[in-house]
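Take a look at this single chain, the form predicted on its own, given in structure tokens.
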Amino acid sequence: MKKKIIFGLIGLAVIFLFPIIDNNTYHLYLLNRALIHAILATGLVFLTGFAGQISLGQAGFYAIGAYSSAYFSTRLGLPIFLGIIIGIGISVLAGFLLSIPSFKLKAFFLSLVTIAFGQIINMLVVNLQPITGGPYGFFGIPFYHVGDYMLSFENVFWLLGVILLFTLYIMYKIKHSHYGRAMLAMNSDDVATETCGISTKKLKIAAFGFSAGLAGLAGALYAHLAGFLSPEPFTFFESSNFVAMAVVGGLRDMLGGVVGGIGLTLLPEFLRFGGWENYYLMVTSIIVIVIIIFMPKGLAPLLGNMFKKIFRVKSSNTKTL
């Protein structure tokens, strides 16, 4: 157990020291985007993998968090921290409202409702020009700063890493509480869960609210990272991309959102080399299809098993010595 903890701490140290090893601005921006996507995908793992609810409209919550934080911190002059909190709050309220159809609808029918929600939010983003800037974009969003001190991309990377770790900690505590066990039971059979005296309506509201809150948090963080917003990152295509991140990472694994969010954000960049400019997205899609077909449980459990085997081999070797 001590070796596992030491190995984990060494891994975290390497990750957090990466900005010092490679201080390329574009690479750091991509890593920051990857961490933001990991936060959002973690919320989807919680909603779908643990609570058994489907959402194909996470880009809607992503947009709500982004534009809310941008509006309150830019147009109203509130501190960035308060803008992010407001963005999360509005996203959670929207998640509560979207959970209501889940009381009666399941699977395909619920997914259609969430798609419609995402499309409605995208149309509002395009048409509410006085608030969102519409297709012309929302400019002048302040970058992360504390007082007069402007954070660097390295500082933002560490900040996002801490937020992601805190998110995973909260998710871990929920999963191993009686609420988490009730959600897993609802995922298996919501009717049987109801007969045990557990309110599945409250669980669905909580699951949608938590997932929407993380999507809103990711959107707000993205807004202040990019400094500019346009409707393109908040379409149905992005919602399906977020779902792919959760599925590829592993819907039933705590680290599924982290592995999928970071992996599918960085993978297209690894494939974007000379001669592949017109094909890297197609190759990325093919890789995703292969992973889903041959590794339906996702990459996170596979990586976890690999690490377990490494530890077992090491421990057995030390015993024989």
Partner chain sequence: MKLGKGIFLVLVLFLSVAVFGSTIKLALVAPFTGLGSILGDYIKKGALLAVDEINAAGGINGDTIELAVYDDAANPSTAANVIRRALFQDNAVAIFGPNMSSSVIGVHPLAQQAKTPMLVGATSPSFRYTVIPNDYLFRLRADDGVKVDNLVKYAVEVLGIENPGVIYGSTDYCLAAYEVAKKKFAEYGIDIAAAEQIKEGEKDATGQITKLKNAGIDGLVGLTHESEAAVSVNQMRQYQVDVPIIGFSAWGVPAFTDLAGDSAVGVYSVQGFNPIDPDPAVVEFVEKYEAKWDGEEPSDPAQAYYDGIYLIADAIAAVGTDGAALAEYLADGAEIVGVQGELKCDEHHNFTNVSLISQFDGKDWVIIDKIF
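For clarity, every value in this text was computed on a predicted model and none was experimentally measured. Residue numbers count along the first chain shown, from 1.
Missing here is the form predicted in complex with its partner chain; even so, the following discussion is about that form.
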In the predicted bound form, which of the stretches 212 to 220, 157 to 165, 78 to 86, 232 to 240 has residues with heavy atoms within 4.5 Å of its partner chain? 232 to 240
State yes or no: in the predicted bound form, is some non-hydrogen atom of residue 25 no more than 4.5 angstroms from a non-hydrogen atom of its partner chain? yes
Looking in the predicted bound form, any heavy atom of residue 139 within 4.5 Å of its partner chain? yes
Do residue 96 and its partner chain come within 4.5 Å of each other in the predicted bound form, heavy atoms counted? no
Tell me, yes or no, whether residue 126 is in contact with its partner chain in the predicted bound form, where a contact means a heavy atom of each within 4.5 Å. yes
Is any part of 148 to 184 within 4.5 angstroms of its partner chain in the predicted bound form by a non-hydrogen atom, and which residues would that be? 153
